[in-house]
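Next comes just one chain, in structure tokens: the form predicted on its own.
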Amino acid sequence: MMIKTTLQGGLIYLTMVFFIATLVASALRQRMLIKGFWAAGFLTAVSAVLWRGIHTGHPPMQNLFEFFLCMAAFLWPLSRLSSWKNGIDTTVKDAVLGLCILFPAGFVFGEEVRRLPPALQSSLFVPHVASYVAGYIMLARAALMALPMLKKGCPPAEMRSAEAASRQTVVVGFLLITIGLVLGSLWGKICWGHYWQWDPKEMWSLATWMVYAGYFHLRLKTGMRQPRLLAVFLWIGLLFVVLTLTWINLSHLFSGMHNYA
């Protein structure tokens, strides 16, 4: 575990403090403090992303450290959108998710500035990575929203609400990772001459996509008859997202064209 003593590290830790303060305020049922701390966490997270971009001189989406910074900055607007669209307050879940995302950025991944490789100097760089950043966050939130569906004796009203919210969220997430997959294929054709390289990262990204495709197939087949199984699918999908982001990138067992990530 490493402690970052730079401005970048300070912004990460301050964001985490605001997220923790949001959880404490929620436990104390202090509505105004919840809103204030949550908004402050968002502003600090955005500041961390902006500072990283200024410091490196390129869009901060090159590696996992930067990827996780961007993910944390997406949480507040998605939380507000969820509240507006579904009438569900996901602040606590999103704050916990934010802490989980920022912990490796703050204590595990290095913040060393790296030169942007030639392969990433493309107009597809930002839209491809941004699609996955937003898509993975949406898929993680869909799994959290589905938690009530795993409980025995869950009230029908709560079950329906969780079902609707998780379904709407996973639809957006799936669309975004589909866009990311297609853009990545086009980018591969431009850079390496082929749409598909059978790279480990490509294969796991496709496997993740297929898990969520299986979720939609199950929904069409069973509807609301098996809500727990649908929730389990979402958590399996989230496991694949985590493995694709971490183990496949960091493990020395897998070498490929995405090692720079």
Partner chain sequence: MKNYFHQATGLGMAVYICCILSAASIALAFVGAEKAGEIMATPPALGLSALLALLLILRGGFTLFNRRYYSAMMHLGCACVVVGWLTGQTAPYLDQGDKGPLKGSIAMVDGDVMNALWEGAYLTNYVGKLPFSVKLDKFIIDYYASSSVDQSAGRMPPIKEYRSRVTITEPGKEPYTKNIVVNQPAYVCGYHIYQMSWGQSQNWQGQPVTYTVLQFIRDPGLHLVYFGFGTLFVGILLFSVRLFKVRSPAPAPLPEVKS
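Note that the structure is predicted; figures quoted are calculated from it, not measured. Numbering follows the first chain given and starts at 1.
Just so it is clear, the following notes concern the form predicted together with its partner chain, a form of the same protein that is not shown.
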* Structure fact -> Which of 145-153, 187-195, 128-136, 100-108 lies within 4.5 Å of its partner chain in the predicted bound form, heavy atoms considered? The stretch 187-195
* Asked: Within 4.5 Å of its partner chain in the predicted bound form: all of 119, 209 and 233, by heavy atom?
  -> yes
* State yes or no: in the predicted bound form, is some non-hydrogen atom of residue 29 no more than 4.5 angstroms from a non-hydrogen atom of its partner chain? => no
* Any chance residue 240 has a heavy atom within 4.5 Å of its partner chain in the predicted bound form? -> yes
* Asked: Is residue 92 close enough to touch its partner chain in the predicted bound form, meaning at least one heavy atom pair within 4.5 Å?
  -> no
* Though only this chain appears here, would residue 221 touch its partner chain in the predicted bound form if you measure heavy atom gaps against 4.5 Å? -> yes
* To do: Tell me, out of 35, 55, 217, 228, which residue has a non-hydrogen atom within 4.5 angstroms of its partner chain in the predicted bound form.
  => 217
* Stretch 26-60: residues contacting its partner chain in the predicted bound form, 4.5 Å heavy atom cut-off -> none
